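Next up: the same protein chain in two forms, each one alone, written as structure tokens (structure 1, then structure 2).
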Structure 1
Amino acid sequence: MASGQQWVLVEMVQALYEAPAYHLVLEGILILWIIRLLFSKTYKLQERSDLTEKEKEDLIEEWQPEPLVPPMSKDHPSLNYDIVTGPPSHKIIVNGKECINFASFNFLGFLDNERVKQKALTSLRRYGVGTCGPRGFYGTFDVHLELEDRLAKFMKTEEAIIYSYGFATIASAIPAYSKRGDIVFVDEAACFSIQKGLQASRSFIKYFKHNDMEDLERLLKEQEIEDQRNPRKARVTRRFIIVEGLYINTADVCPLPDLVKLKYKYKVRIFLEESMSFGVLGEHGRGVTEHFGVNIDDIDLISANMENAVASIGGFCCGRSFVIDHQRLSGQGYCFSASLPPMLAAAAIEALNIMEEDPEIFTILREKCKHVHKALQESPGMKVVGEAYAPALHLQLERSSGSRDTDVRMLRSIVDYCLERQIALTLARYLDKEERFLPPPSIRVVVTIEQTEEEIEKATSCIKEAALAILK
């Protein structure tokens, strides 16, 4: 046994002599470095200071911490908002004055509809106020399942999923599918909720010019060439196009037929955000797919909120079953938020009932939109932005002053002028420092089916009068 150990020791010494010199030097340095780390202190205390106690106290007194938030004027619009009393229906009480409402997205007038309110009250008595739990933890009520089934049938898709907050719907859906390393082609005019979803996805984002299909195809071709250079990476990279049906920031519609052609040509998926077009466009209010006669199966995912035309709360996604089911485990807004209050789900179901029973309301809405769009064309110093059939138009200054703050103040003066004359309008609001492409300042004019011809004439005349008086 002893002779065996001696033989091993001799072999080790022999190997040491035969090892290259650089190998021995490197091992020696590593051994010395380990010894130094074992016996050295992890930090050194400053044993002396060049400052006296008085100098230290003076420095402490002079130090001013950075403000927690940037300084803001008390005249900032966000700190001086109009106060609404009562329901923001056809007639709205703003700052104690009753006005005709041209500001709320109550397109179909369901917010104060007696049938809808009665269904909500019945549900309130049966289920209570809220749910106090997400869908996976005793937050799924039978009325939620009924609403999902009704939405899927209304949109003619296999399945639907509902969220309790409209903004979180598309912001949760995007990162549920698009991950780090995936590529998303997005319109520059995409709304803020889409931008937040893209940020959460950590995907590679490529913006194309608003509704410019040539620019989009240029980006798709560039990506195709890049994929050919690295086919292994291309096989595991997912590609998406994300657009809005009717853009909230520009009030124009996406060229969906052209997008579908590009989808099949370059093998990408299309996500369509329809919060402004659901319950507005199409013969039966099914949105931009019905408006263009596009097969809904050509769209991989449709998202919309229920806070505009349906006049409830929350949002939904619809599509094929295997696509929608993925969100039940991966949609953060679905998994971690308390589910939609049952009374609001019941209100949404009744709104769908009315939409199916009386599709004529969509024709009425479009005719009133065209009337308002035409009447506002002659507003002095202002231009109308948006499609003639869009229910939420934008009024922008024809000539900017060169200062965004000045432009906002002038537009606010027009809003105040109309408010004094019992016409409620609103400025389009944005987070200036957060928007990827900040839209120009504008007044948003919202059309609903409840507005009469006399009220529309009064409102458009008041806006022209205000523009003439303020922008002269």
Structure 2
Amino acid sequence: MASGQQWVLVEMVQALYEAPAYHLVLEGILILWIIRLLFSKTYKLQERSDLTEKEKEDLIEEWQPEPLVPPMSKDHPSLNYDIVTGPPSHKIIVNGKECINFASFNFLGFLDNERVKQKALTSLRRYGVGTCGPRGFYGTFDVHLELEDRLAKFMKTEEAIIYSYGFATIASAIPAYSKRGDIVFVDEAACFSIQKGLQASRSFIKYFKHNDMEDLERLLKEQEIEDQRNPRKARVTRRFIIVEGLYINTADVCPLPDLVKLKYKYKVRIFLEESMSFGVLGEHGRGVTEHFGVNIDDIDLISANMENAVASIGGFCCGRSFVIDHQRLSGQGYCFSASLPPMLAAAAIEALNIMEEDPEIFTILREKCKHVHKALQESPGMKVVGEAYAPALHLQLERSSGSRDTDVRMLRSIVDYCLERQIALTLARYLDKEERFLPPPSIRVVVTIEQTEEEIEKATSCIKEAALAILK
């Protein structure tokens, strides 16, 4: 081999001697040309247009941007808010009319609770209102640490982390774990903050039909086949199932035991959003895990806000330290935002105290929910959507008129009719264009433990009357 190569080389040198001069010149030029091409600047598409300054100026003159926001019609249904005068508690003054509140998510009535208020006041007198900083920079108060500790104990998990805004909780938690290239299986009915979290994570998102475990398993199987084809990629692709405990958009509960089975079968982590079920479901209000008797350690992350049952502000995530601690440096809404005002944290602690002292309230709430659910069944032209024990039900039109606007207007007239008769209800609001799967229009009916038998009676009969008057 070696001698053969040497021979070729010798031959090449010889050929060089023997070649005619024009040949060498031509080759020399070609070599130079190649070198030039190699080192010359690559031209950009943009620069090739070679616009003169004058032409550029003209283009700039010519360009007309769209207005910053599109014009709005004055009677846009979501433009004019209902005005609540005074506290938004059980008795509420809406647009100047005193009503019974069937609209605020104040399930346990803590909003108006003297003990909670008193604790908040004491805290205000000690710490002031604002925290003037994020958690990292002198924005961690002893109250925050106490609340995190208490939440972890209440939920029987290793660790909890609090956020200063309910919406930002799950929306920050998801992108802290799920990154580009990871795969997330999400229920179609997932709430807006989950959708925003997913968008921020830039992961692959696979939607399965609402509460349809077969559909989810189909997707998981598909993924399994995909993984077998590309095992190297599969080894680094994290997978998550994201579901809500009690869906805010449909008021039904996720089949958690089945999800846990799927979790171990397909090795997927479960993130559970419990804003509606925390402080509602379960014997002690621990949410959907307690409701189904699922071991809480089987759920990788639970997130909930403290704006519904707890009636304060903010949200929290809890789970094993291995999972939760990561958010302290990676949860954007945690790191980069001012911490929760201590008085709001103190109020949440007191709410937890009451929940622990008196688990009876959860039973009362459940009874009331069932009562309302049953009483609403015979509303003419309307259907009740949601589980019997869900505290925030949806009343939808039995038959849609075909146009969402008309439906919304009809439901709004029902709400107005009830407002006139001192029952405060509200439409469930959505951003029609932004929702991934827009739920049908509905009236929210919220049950709280403060509502008496008579009030529930009055409300349900009022709704029926309204439906009869408006829908017939």
Partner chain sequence: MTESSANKPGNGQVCHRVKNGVKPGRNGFIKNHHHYHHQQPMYCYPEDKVQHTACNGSSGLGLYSRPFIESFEETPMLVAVLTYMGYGILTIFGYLRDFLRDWKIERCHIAREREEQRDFVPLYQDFENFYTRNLYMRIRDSWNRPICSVPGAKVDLVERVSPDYNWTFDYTGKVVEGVINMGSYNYLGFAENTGYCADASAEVTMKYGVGVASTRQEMGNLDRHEEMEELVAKFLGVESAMAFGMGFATNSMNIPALAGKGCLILSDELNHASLVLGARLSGSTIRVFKHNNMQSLEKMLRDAIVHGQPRTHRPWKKILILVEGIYSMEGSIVRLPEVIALKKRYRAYLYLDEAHSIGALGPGGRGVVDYFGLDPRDVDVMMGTFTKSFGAAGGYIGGRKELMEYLRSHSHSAVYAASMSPPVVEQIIASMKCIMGEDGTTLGRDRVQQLAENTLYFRRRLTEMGFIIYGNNDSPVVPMMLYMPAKIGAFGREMLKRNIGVVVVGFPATPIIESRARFCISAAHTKDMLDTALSVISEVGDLLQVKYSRHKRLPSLD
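Here the structure is a predicted model, which means the values were calculated and not measured. Definition used throughout: the rigid core is the maximal C-alpha set that superposes within 1.5 Å between two forms. Every residue number counts along structure 1's sequence, beginning with 1.
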TODO: Report the structure number, 1 or 2, for the form predicted together with its partner chain.
DONE: 2
Task: Core-aligned C-alpha movement of residue 432 between the two structures, 2 Å or more - done: no
TODO: Take the rigid core as the frame of reference and indicate whether the C-alpha of residue 231 shifts by 2 Å or more between the two structures.
DONE: no
TODO: Would you say whether residue 404 is displaced between the two structures, judging by a C-alpha shift of 2 Å or more on the superposed rigid core?
DONE: no
TODO: Give me the C-alpha shift of residue 66 between the two structures, core superposed, in Å.
DONE: 3.0
